[in-house]
Each structure stands twice: as C-alpha cells, then as structure tokens.
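As structure tokens, one chain now follows by itself in the form predicted on its own.
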Amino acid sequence: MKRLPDVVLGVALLAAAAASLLTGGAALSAGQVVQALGGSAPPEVEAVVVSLRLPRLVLALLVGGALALAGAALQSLLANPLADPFLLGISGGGAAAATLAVVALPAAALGAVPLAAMAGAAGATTLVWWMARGPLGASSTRLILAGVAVNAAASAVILLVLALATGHRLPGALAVTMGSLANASPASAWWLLPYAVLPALVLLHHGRDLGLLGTGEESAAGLGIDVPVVRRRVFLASAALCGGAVAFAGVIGFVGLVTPHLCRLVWGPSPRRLLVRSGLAGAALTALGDVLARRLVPGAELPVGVVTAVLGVPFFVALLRRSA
C-alpha cells in the first residue's frame, strides 16, 4: 500500500502523456500514434506526431516539472506554504527580462533569451527576499506583498516593451506573456533540456539540506549545513528553472504552488521525498492542462496559463484563508 501513491502518480503521468499525443486538429488513433513513434506510420502521420505533438508533450513535461520542483524547493527553503514562482514575482521577473531580450537583442543573439530570463528571475528572487525581510524573518504576508510589488513592476516593463516593439518582434515578445505551448518545436524542447536538468540536479542534491533547514537555520548550521551557500544555490537553481520555463513557454502560474501541496498531503513534508514527486506531478498537471486548453473551446486553443490559473486560484484562496 505504501507504493500505491507512486503507482497512481506514474499512471497519471502516462495517461496525461497519452492524452497529449492523441489531442490535436487531426484525429489519430492510438495505433497510429504508436506506429508514428516507432517510425512505421505514413509520413503525414509521423510528421504530426513526431514533429508537432511529441515536442509539445516534452516541453509541457519539462516546464511543469521545472515549475513544480522550484515551488517545492522554495516552500521548503522559506518554510512558507505560499512560496511559489508565480506569486513571488519570479516568473514575472523572468518574463520581463525575456520580453526585453526578444525585442532588444539582434537576431543572431536570440539564443541568449533563456539566459536573460534566468537573470530576470534571479533578480526578482533577490528583490522579493530583500523586500520581505523583517526583524523576525520573511513572513507569509510580507512575501506575498513583495511578490505583488515585483509582479506589478514586471507587468509595467512588459507593457512598455510591447508598446515599443516593432512589428516583426512583437509576436515573439507577446508569446512570452501568454503562457502557451502552441509554439513548441523539437528545437525548443532540446534547448530547454539543459536549463531544466542541471538546476534540478542541484535542488535534488540539496534535498537533505532543505529538510534540515526546515528545523531552523540555527539547528541546520549546528548540524554542519552551510546555510548561506545552500540558500544561494537553491535560490539560483529555482530561478534558473523558472527562467527556462518562462523563456520557452511563457508565464504559467500556480503549478509551483498547487503541486507541492498536493504531494505533501500524500507523501508528507520531507523535501527528499517531495522534490522528485512534485516534479513528476507538475509535469503531469501541465500536460493535462495543455490537453484541456486544446479541448475546452471547440475550434480554438486557450493558453495553458489560463487553465492552470482557473485550477490554481481557488486553491490559493483556500490556502491563504487557512494560513491567515
């Protein structure tokens, strides 16, 4: 029975992946999808599955896993149930920097957009933490208020950039703010892979340290944890995950808030047990949200950020009232 939740999580991830590969404008059967993945389908079917739907699925899994893993790490590090890349303005800072990079950089340097998004996310993280610090530490209320302020500033920067953007750069800048996977491609999935995997390994490496930090910084330091170094690495790794996700999929909110809480209810609060499961659950949730975004409105496609917001806002309100 102890392994049942892990089995359910694995089944949910596979089901979300299968639904994503079967969803699209062209109606394909499960057999056709399997043949396309095996390289034995007709060229037109293989083009739809391998060139369009599979990169979109991979991007959804990487983005969702990155956001959920960052959210779980930040909640553990700050001992704050409301810590989330979207609410704390981290995603907004990354989006503002990415939008500015898309508009300002020459075409030959657009490959640096993810680096700009990571820098913006790291800057927003540092700013929120500095604004929220008080005599007794960073309280939930101060963190949320700081996140609101940073999000407002990031929104102002994005609107200014969009207003000044030239015609051929405007679609790319606008895509950063949409929170959509519609422009997924094999290249984008490959580009995001190192931006997601390397920071994730850093967070997993510090899973035990995050658990000890949950007992208090003084206790963790007494057990041999270099608190400033761990805090800095976790912050930077979380910012890198959020920046990469924003650069390739735009702002997708509440995945980093909802997923760790759901996993904590099932597997308990231990960060070492929570991080991997949160990443997998976030990947499944984002892939499922993208499926809903493509199916909810016939003949149209909603941004996946809209779906995650509809799911996440009621959860956030309930959590805020509970922690008040």
Partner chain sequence: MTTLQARRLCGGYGARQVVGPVDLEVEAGSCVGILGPNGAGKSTLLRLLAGILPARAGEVLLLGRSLSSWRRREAARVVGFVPQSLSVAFPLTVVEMVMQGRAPHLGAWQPPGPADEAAVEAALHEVGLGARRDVGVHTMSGGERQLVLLARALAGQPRVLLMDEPATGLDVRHQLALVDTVRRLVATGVGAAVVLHDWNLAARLTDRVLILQEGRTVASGPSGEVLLPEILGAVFGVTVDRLPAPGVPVLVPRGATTHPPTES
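Positions refer to the first chain, counted from 1. Predicted model only: the values in this text are computed from it and were never measured.
Although not depicted, the form predicted in complex with its partner chain is the subject of the following passage.
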According to a 4.5 angstroms non-hydrogen atom cut-off, is R295 in contact with its partner chain in the predicted complex?
no
Verify the contact flag for G167: yes if a non-hydrogen atom of it lies within 4.5 Å of a non-hydrogen atom of its partner chain in the predicted complex, no if not.
no
Is there a heavy atom of G111 no more than 4.5 Å from a heavy atom of its partner chain in the predicted complex?
no
Might P186 be said to contact its partner chain in the predicted complex, defining contact as any heavy atom within 4.5 Å?
no
Selected contact from Q75, T177, T125, N151, since only one has a non-hydrogen atom within 4.5 angstroms of its partner chain in the predicted complex:
Q75
State the residue from G38, P269, G31, P42 whose non-hydrogen atoms include one within 4.5 Å of its partner chain in the predicted complex.
P269
Taking A119, G253 and L275 as a possible spot, do all three reach its partner chain in the predicted complex with a heavy atom inside 4.5 Å?
no
Testing 154 to 162, 177 to 185, 223 to 231, 240 to 248 against its partner chain in the predicted complex with a 4.5 Å heavy atom criterion leaves exactly one stretch, namely 223 to 231
Counting only heavy atoms, which residues in 12 to 36 are within 4.5 Å of its partner chain in the predicted complex?
none
